[in-house]
Each structure stands twice: as C-alpha cells, then as structure tokens.
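In structure tokens, the next block holds one chain alone, the form predicted on its own.
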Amino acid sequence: MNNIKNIKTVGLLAQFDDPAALVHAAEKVRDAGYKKFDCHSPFPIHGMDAAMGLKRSRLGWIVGLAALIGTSGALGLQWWTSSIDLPMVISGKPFFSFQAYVPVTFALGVLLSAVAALVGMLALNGLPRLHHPVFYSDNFTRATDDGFFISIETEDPLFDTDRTKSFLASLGGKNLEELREE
C-alpha cells in the first residue's frame, strides 16, 4: 500500500500588523500586477476595495432588474386579469383601478429583489465554497479576532513561490506560510 499523499502548494499567506499596513500592502500587491489575491480581516476596512483594485459590484443592477421585473409583472398580471381576462365594473370603478394594485405590486417587487440579492451575492462571490486552503493554516484562525492577512494564489500568472514570498516579506508580511492542499 502506498500511503504517500499528493500535496500541492495552492498559495501563500502573509500576516500584517494592522489595517493600515494591510491596505498599504494590498495597494502594492495590486500595483505589482497580481490579480488572484485576497485580503482577510476581522472587520470591513474602509478603502480596501480601491486598494485591491476591485470594480463596483454588479449586485445593485441585478437587484434593480429583479425589482423592475417583479413590479411590472405584478402590475401587468393584475391589469390583465381585471381589464382583459375578466372585465367587471364594480361600484363604478374603471377596469384598471391601479390604486388597489399597489400592495401586491410593492410586495412582489420586494420579494424578487430579496431573492435576487441573495442568489446574486452567492453567485458573484463564488459561493458556496465550503472549504478554502487558508483554513488549513493554524495562524489564519486569528483572522476572526485580530489578524490581517493577504493570500496570493498559485493560479496568478505572476506567482513564483520564492519571488512572491520575498515580495510579501518586503511589504512587512510576517508569518509567511505556504498554503497546501491535498
């Protein structure tokens, strides 16, 4: 029986002292041309998206489109049923009495927006990913308490283990660690 496991390096992890050092390092990593990297901190850091070079999220457009589809669908269905499919004059009201349709129109717009926000957020974030190689690092447990980290993946075109490790160390990265996956 051969019990040798196939272990490969999937990235590097470096720890930084504080949020300012993490933002500064993220700017340098972005300016160096790395694309497949991520920053990890126990709380949101103002300016991190710009420091990483991230574009604005498309989630707002997805939610807005879902709201438009929901409201127009609800309004259209109510118009069709009361004006075309079964037109009835009740108490002298016109066939298309839109004031009565506002609650259903609003509710369906909110419902579709909420569902689109959840599904869109999961899809745009690449979730659900139940496990990531950074979770193999014992040092990474500090990311939920007081640790600030940058991880660079081996899939990045600029990734070279030795050069990337020395680059992260030059930025002030401590506890540099190779991330391995079985």
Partner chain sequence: MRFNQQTYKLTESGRLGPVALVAGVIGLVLSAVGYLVDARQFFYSYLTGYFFWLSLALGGLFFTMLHHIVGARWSTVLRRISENIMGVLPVLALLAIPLLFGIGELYHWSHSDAVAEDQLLQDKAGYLNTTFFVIRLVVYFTVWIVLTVMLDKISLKQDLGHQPSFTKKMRVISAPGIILFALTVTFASFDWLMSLDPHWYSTIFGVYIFAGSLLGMLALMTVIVLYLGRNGILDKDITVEHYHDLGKLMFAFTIFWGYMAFSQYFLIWYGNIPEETVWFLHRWESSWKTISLMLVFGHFVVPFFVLFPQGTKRNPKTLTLIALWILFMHFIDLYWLVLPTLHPHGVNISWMDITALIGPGGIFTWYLWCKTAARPLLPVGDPNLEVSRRFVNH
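Everything quoted here is computed from the prediction, not taken from an experiment. Numbering follows the first chain given and starts at 1.
The discussion below concerns the form predicted in complex with its partner chain, not included here.
Novice: Is P103 part of the interface with its partner chain in the predicted complex - any heavy atom within 4.5 Å?
Specialist: Yes, P103 is a contact residue.
Novice: Look up in the predicted complex whether H46 has a non-hydrogen atom within 4.5 angstroms of its partner chain, and give yes or no.
Specialist: Taking the distances in the predicted complex, the answer for H46 is yes, it comes within 4.5 Å of its partner chain.
Novice: Flag S83 as yes or no: does it have a non-hydrogen atom within 4.5 angstroms of any non-hydrogen atom of its partner chain in the predicted complex?
Specialist: Answer no; every heavy atom of S83 is more than 4.5 Å from its partner chain in the predicted complex.
Novice: Is R56 close enough to touch its partner chain in the predicted complex, meaning at least one heavy atom pair within 4.5 Å?
Specialist: R56: yes, in contact with its partner chain in the predicted complex.
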